[in-house]
Structure formats: structure tokens, C-alpha cells
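Before any questions on binding or motion, here is one chain by itself as C-alpha cells, the form predicted alone.
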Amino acid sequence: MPVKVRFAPSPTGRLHIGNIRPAVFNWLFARREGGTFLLRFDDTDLERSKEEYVTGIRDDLTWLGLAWDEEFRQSQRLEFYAAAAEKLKKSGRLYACYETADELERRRKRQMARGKPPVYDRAALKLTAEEKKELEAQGRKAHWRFLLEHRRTAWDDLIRGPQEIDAASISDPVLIRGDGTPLYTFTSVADDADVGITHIIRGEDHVTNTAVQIQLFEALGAPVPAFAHHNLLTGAQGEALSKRLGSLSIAGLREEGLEPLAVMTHASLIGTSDALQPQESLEALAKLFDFAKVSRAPARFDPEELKGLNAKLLHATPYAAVANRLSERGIGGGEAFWLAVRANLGVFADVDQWWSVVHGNIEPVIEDAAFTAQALTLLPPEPWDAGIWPQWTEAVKKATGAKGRALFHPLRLALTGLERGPELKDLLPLIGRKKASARLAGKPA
């Protein structure tokens, strides 16, 4: 059967590095297997779902390169859920309940006081038709629970291995609210069954939902997908990541100038030995993706590690991959410029600074005017190539006796105005003799 997976965000906030991981895992798995990646917006919570978040989620996925093959929204499928609910009602697996929230809470406390687990006691199953009518006459509206089979429900998790949950330890879940709106567990399974999802890849916080969902797939007469529950991310100090933690949002990482491939790599491989190794492409990352590499332990996200990976990625990026991006920023210099500066980039936007050094006007820093003046007199004529720097500095060394830092540091300050940067053997031909001469003379150029 062809692989079909889904990413199903609720548009109640922006995506962050933690909750993007299911999207990353599902997309990489689908691409590795030649399958289909579906984007589904779980937006039945109409009060909290916002159109701005729908747009934001699409933007985040697009920036990361996570193209989806199909898309739909749950808010547009309410008639389908109603029909699925009727099927469960007719089979006796969905039953009406009338307790208020306060009544259920009091009952739960009594059970705990008696040392019993706070599991719903199925009192509603004992109601007669007359009693139901009387409750409805009082203005009570039925909510609907799914009747679980009290048996051990097992599955072989693709990440966690064999899992088993005794359904008798779980309350029959409410699938339909009193106002008639369906809840997540029901809509999610109904959709997955309807569109033929083959694998459900999600965070381990959903493990406890799995037994219920397996029984719900079976009750709907649908094949049960394979499940894979990955570990969750925490902050650098072990704290939970919040959907509203702007600093770690995908939009925030994009605004910081991080590369989408670096974010994808770190999100999918964090906690493994490959997490800090740059990948050539999303295709290469998909080939590397393997459930066996996903740790069971929580993975700590350190923004500094991501920044380090981002820098490594840029340092290894060939000119052809950035030629258009450089052109869009008005940066020339071709491959020679890119190869000269890429090892000094933390984020791509850092190229602007080095283009300014090469092509713009800078204020030179003259540490020793007599030294730079003498160096200027020894500056060779053009044309220049990478060999001009060692030729020139050797001449300056012989003329002045300066060596090491005393030789190179004042030349760097004069030529770039900065303490450190790319190799001057690569920068000097790009700067050119005219600018170099002016800067050595202490003139802005």
C-alpha cells in the first residue's frame, strides 16, 4: 500500500521548533518512501482558530520546503463527521450522556476518595428512554461517549516498540459535545480513515490516545494505521516549549536569518550524532531519516547549536546554490567573492558586511601610519590574483622587519577596518588596488 501521512496543526498559534517536528518527520518519511504528504487544519475550535494562523502555518511550511500534496480543513467537513457519528450510534458504540461537568467532577472525587480510578462509570448506559426524555425536558443536551471494549489494546510502535494499554483503565471518551460539535479524537480518526492515512507519526504526548483511536478505527471499519511516537523537545534548560514562544517560532527563526535546511536538519536529527552535521539538500536529509535513530529520551533544543549548524551549512554551500540570492541583494563578485567570505558567515545576511568591505566605502583603521605608508609604496601593480597577498606581505616584511601579528594586523585594520575576517589573500584581489591604496593612506574608500 502506498504511504500516506499527514500533518494536522490546529491554527491557534504559530509553529515553533517543537511542534514543527511532526511535520518534518512525516514529510521526510513520505519523501523517503515516495508517498503522499497531506496538510490538514484541525480548526473545529472556531473560537480559537484564526485565519492568520492558517496563513502563518502555510508560510512556515513553504519556507522550510515542506510542500504538501493535498490539503483540507476540518471545519468544512462537519456533515461528514455527523454521518460517521450516526454510523457509530447505530452500531451501539456511541451513547448519549447527560451529566453536567459539576456532576462528573463530584463523581470523580468520590471514586478517588474510595480508592477507585476516576474512570467514567457508564451510568448513562443504564438510562431508560423515559429518563432520557425527562432529562432533555429539563433542558439538558446529550453529549456522546465512545463505548470502549474493555480489553488490552496493543500496537508495535515504529519508534517505541511494542506498546499495550488496558482500555478498562480509560474513561469512555466524549466524541461529541452537548452543542453537537465533534472533538479532536473523533474528527482526527474519521479523517484518517476516510483519506487512507497509512502511518500516524506524532509526538509521544499522544501515546495515551492511541488505544482509544485504534478501537475507533476498528469501529469505523477502517484499517488501523501504523503508529510512530517521537520524543518531545524541551528548551535548553529542560523547560517545555510554548506555541507562543516567539523566539523559537519558525517565523522567529526565519527572521533571525537562519537557513531552512539547517532548521529542518536540527529539528529531525536533534539528539543524534548527525544533528550538527550540515546536509546538502532535503533529499539527502530524507535518505538519512530513520525511525531507529530517534531517541526515547526528551531532546533539548539549544539555539546556539542551531546557529552553529547554520554556520557550518553556509560554509559548505557552493556558489551555484546562492548565486541568485547574492544577485537579489545587489552583490557581485561572483564565485570568488562567495568562496572568500562564506567561512565567515553566521547567517546569509552577513554577506552584506563583506560586500561593503570589498565594494563599498569603509573607514580604515590606521594603527601605525608610518608602517602602512611604507606598505603602500610596496603595493604591486595590477592585475592581482590570490598570489598577490603573500608576494606583497613578504616585501613589506623585508622592508620593515615586521612579522606575525605586527605585520598582518595593521594591514587588516587598514584594508577592512575590522579586527578579523576572511583571508586577505582572497579579499585583496576583490578590493582592488585603487581602494587598497586609499585605505592604506588612511582615506575612506
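Rigid core (definition): largest C-alpha set, two forms, superposition within 1.5 Å. No experiment lies behind these values; they were computed from the predicted model shown. Residue indices: 1-based, along the sequence shown.
One more form of this protein, predicted together with the RNA, exists but is not displayed; see below.
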Would residue 128 count as a contact of the RNA in the predicted bound form, using a 4.5 angstroms cut-off between non-hydrogen atoms? no
Proximity of residue 206 to the RNA in the predicted bound form, heavy atoms at 4.5 Å: yes
With the partner left out here, check for me: in the predicted bound form, does some heavy atom of residue 327 sit within 4.5 Å of the RNA? no
Tell me, yes or no, whether residue 333 is in contact with the RNA in the predicted bound form, where a contact means a heavy atom of each within 4.5 Å. no
So which stretch, 140-148, 366-374, 221-229, 279-287, is the one near the RNA in the predicted bound form (non-hydrogen atoms, 4.5 Å)? 140-148
As a check of understanding, the residue in 216, 299, 262, 88 with any heavy atom within 4.5 Å of the RNA in the predicted bound form should be identified as 299
The RNA isn't shown here, but in the predicted bound form which of 347, 174, 167, 135 has a heavy atom within 4.5 Å of it? 174
In the predicted bound form: members of 27-48 within 4.5 Å of the RNA, any heavy atom: 42, 44, 45, 48
Do you see a C-alpha shift of 2 Å or more at residue 362 between the shown form and the other one, with the core held fixed? no
Does residue 274 count as moved between the shown form and the other one, where moved means a C-alpha shift of 2 angstroms or more after fitting the rigid core? yes
If you line up the core, does residue 161 shift 2 angstroms or more at its C-alpha between the shown form and the other one? no
Since the Cα separation of residue 230 and residue 272 moves by 3 Å or more in the predicted bound form, tell me which way: closer or farther than here. closer
Pin down for me whether the residue 275-residue 256 Cα distance shrinks or grows in the predicted bound form relative to this form (closer or farther, change of 3 Å or more). farther
